[in-house]
Every structure is written in structure tokens, then in C-alpha cells.
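One chain is shown next in C-alpha cells, namely the form predicted on its own.
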Amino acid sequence: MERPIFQPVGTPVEQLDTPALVVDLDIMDRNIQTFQGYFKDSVAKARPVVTSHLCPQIARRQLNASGTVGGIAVTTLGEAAVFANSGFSDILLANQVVTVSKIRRLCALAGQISIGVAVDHHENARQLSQIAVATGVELRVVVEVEAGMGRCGISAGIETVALAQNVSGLPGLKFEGIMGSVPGPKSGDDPSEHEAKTRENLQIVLDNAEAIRQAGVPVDVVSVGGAHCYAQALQMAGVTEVRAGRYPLMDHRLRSFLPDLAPAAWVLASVISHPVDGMAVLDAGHKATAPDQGRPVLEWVEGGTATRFSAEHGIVELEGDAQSKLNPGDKAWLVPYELGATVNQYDYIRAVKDGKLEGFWPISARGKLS
């Protein structure tokens, strides 16, 4: 658990203790307005996925802006409980809930708020129905179809239709529609090739929604994810919602695919050593930056590259004029490569505005993995 030094509101950002997760509120709000503005005149709306930031304060800003369905999406039951207890009344748990104990917890939440859940197996649907009836609640259900993600999701075609028919006939369950997730961009992906593949994957979801309708089952919700596919989703008739997560804060992985948005979150680090001309050492290592999927990117130091991380230390290689920069006591700004993993290292966001601390925002759903 992070135990930060709480500093007064108004503290200049450069004086914050490090390592720290810093969010610029002005940039974040612009990102929210820009991205959700894409949905302003569209039938499809955004459903913010809060898993990337895990922070109720940010989620409220998202729902207070235009262009959403009025609810959020989460990935775990623990996240759903945190946000339900924070006043969010429309939650889609865009994942499977399969054990008896978890289904009972899910049904307890359904007694407080409107909650949906993804299903990709007949036995899971039967169990959800049985426990929902026993506890006197109704669960919203979407059938998840495999749309290229290589993760959860029933096989497209006959099996998807059969599961939808089954769910629609089970007591305690309200069949709402279908959902699918499409793979996000990877480092080095060609944007045009990624766009074409995204369209193919989205079409899988749309084709299966139509097949369910042809089988006589109404489909109200066609939910696709994530933020990288919004442009293609808005051009394809039939999508009702786009589940999108990283756009308020952004990360390096997504920034080239959403060029209208800017990074709003950084790991602020201090230089603790400059032992040779070509290297500086930061106090932000693996525990602070979570570089498992990719190294964070050093900002605003031309010729400086974050290259390797041990548990407590980050190594920056310096070339040219950068060799005279990043001396002990200086600050360094690192853009996370993968936002969700980095955020989960912290218990608090240092919210800043105009270069000064506005407050410590709890990352309330951090570590709620079950």
C-alpha cells in the first residue's frame, strides 16, 4: 500500500515528493470533452471503462460530460462494488462472473443498482439465473462473442445465437444484447492495417447481433471496446455503445492512434544520481512505473531515453546536450506505456492545475481484483 507524504494544496508540482502519479486536470478535462464529443451527434454513445484509472472523481467528470450512455463499465466485481458505493447506479461488469460466492455478491449489488454482466457459457447463465431468482433480483446480461481478442467470448455464429436464446428464456436475467472486444494497437502497428483489421472484428459483433435478431430475439445493446476503435465503430451502423477507458489520461501505447488527445498522467521522478555523462538514475523503478508491457517514455529531454528499470531505480541514457541535464535533484517526467498497470501501483493521484497541487484523489478501486 502506498503511503504518500501529503503536501498542502497549492504546492508547486516540482516540489512534490517522488515517485508520484501526477494528473494535469486541464489536459484530462480536454481529453474527456474531445473524445466524448465524437459521440455528440451519433446513435452510439461512449460507456467509460473506469478500470484504467480506478478513480470515482475522474468517472464523475466523464459522466458529467456529454456523449455517454449514462453509465460506466468495470472489469471486476470488486471494482463494481467500489463504484456502486461511490454513487454510480448504472454499471456494466464487462467480464464473466462464475463462482457461487461471486454471483451472490453480484446479486447483492443488483439489489442496490442496475448492473449488467457478460456471459459466454450456458452453465454460467443457468447459475446466474438460479441465484438471481433465489435472491429476488434481475441481472442485465450481454452475451460476449469472440471478436478477435483471443480472450473471453463464445464462438461466433450458431453458438452465439443459441446462448442468446437461452439467456432470453431464463428467469432472473434480462437479455440486453451482445458485446465484443477488439484488439488494441501494438507498438509498430501500421495505422491503416490496424484500422482495416478493427473493421473486420467489429463486423463480427454486428453480424452476430443480426443473427440473434433473425432468430427472434430482440437485441437492444451492441457494445464494442475499446477507445482505439471509436472512429470505425461510429461509421458502422448498429453499434450502440463504445466501451472506452484510457482516453481521459492517455498513455504512450495509445497516443499515436488518438492524436487529438494528449497525455494527462505522468510518473514524476527525481534524479538521484548522474554517475557518468551518459546516464542518469531516477527514483522511479519497476514498482513505480510497471514497465511490463513497455517502458515509459521520458518527456521534454531531447536526447534522453528511459531504457531499463530495476525494482527501485530507473535508468536514463543521455546523448548530446542531454548529458548536461538531469542532475541530482532535478525532476523527470515519464509517460506510462500502459496506463492501467501504472495506475495500479498507486493509491492516490496527485491532481494538479496550473502547475500546483489541487489535491490527492484516492484510486479507490486499486487492487480490487476479485
Partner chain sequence: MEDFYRPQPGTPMADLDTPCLVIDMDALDHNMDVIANCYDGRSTKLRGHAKNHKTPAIAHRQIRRGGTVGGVCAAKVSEAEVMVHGGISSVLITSEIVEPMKIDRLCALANQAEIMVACDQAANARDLSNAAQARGVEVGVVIELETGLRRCGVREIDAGVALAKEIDSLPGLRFRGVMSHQTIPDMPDREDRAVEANRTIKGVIDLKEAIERAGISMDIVSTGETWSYDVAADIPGVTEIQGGSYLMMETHYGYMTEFHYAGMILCTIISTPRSGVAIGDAGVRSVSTMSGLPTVSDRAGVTVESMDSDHAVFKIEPGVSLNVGDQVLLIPAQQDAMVSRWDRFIGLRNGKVEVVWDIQARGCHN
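Positions refer to the first chain, counted from 1. Because the structure is a prediction, the values reported are computed rather than measured.
The discussion below concerns the form predicted in complex with its partner chain, not included here.
Joint contact, Glu138, Gly172 and Pro263 to its partner chain in the predicted complex, by non-hydrogen atom at 4.5 Å: No, none of the three is in contact.
One residue of Val297, Leu206, Val281, Leu258 in contact with its partner chain, assessed in the predicted complex (non-hydrogen atom, 4.5 angstroms): Looking at Val297, Leu206, Val281, Leu258 one by one, just Val281 meets the 4.5 Å heavy-atom criterion.
Proximity to its partner chain in the predicted complex, single hit among Gln33, Ser310, Asn64, Thr305 (heavy atom within 4.5 Å): It is Ser310.
Its partner chain in the predicted complex: contacting segment from 297 to 305, 325 to 333, 64 to 72, 35 to 43, heavy atom within 4.5 Å: Within 4.5 Å of the partner lies stretch 325 to 333.
Its partner chain contact at Leu16 in the predicted complex, heavy atom, 4.5 Å: Leu16: contacts its partner chain in the predicted complex.
Its partner chain contact in the predicted complex: Tyr346, any heavy atom under 4.5 Å: Yes - in the predicted complex, heavy atoms of Tyr346 and its partner chain come within 4.5 Å of each other.
Contact label in the predicted complex: Ala108 to its partner chain, heavy atom within 4.5 Å: No.
Exercise: Thr99 in contact with its partner chain in the predicted complex, heavy atom 4.5 Å: Yes, Thr99 lies within 4.5 Å of its partner chain in the predicted complex.
Within 4.5 Å of its partner chain in the predicted complex: residues from 348 to 364 (heavy atom criterion): Residues within 4.5 Å: Arg350, Ser364.
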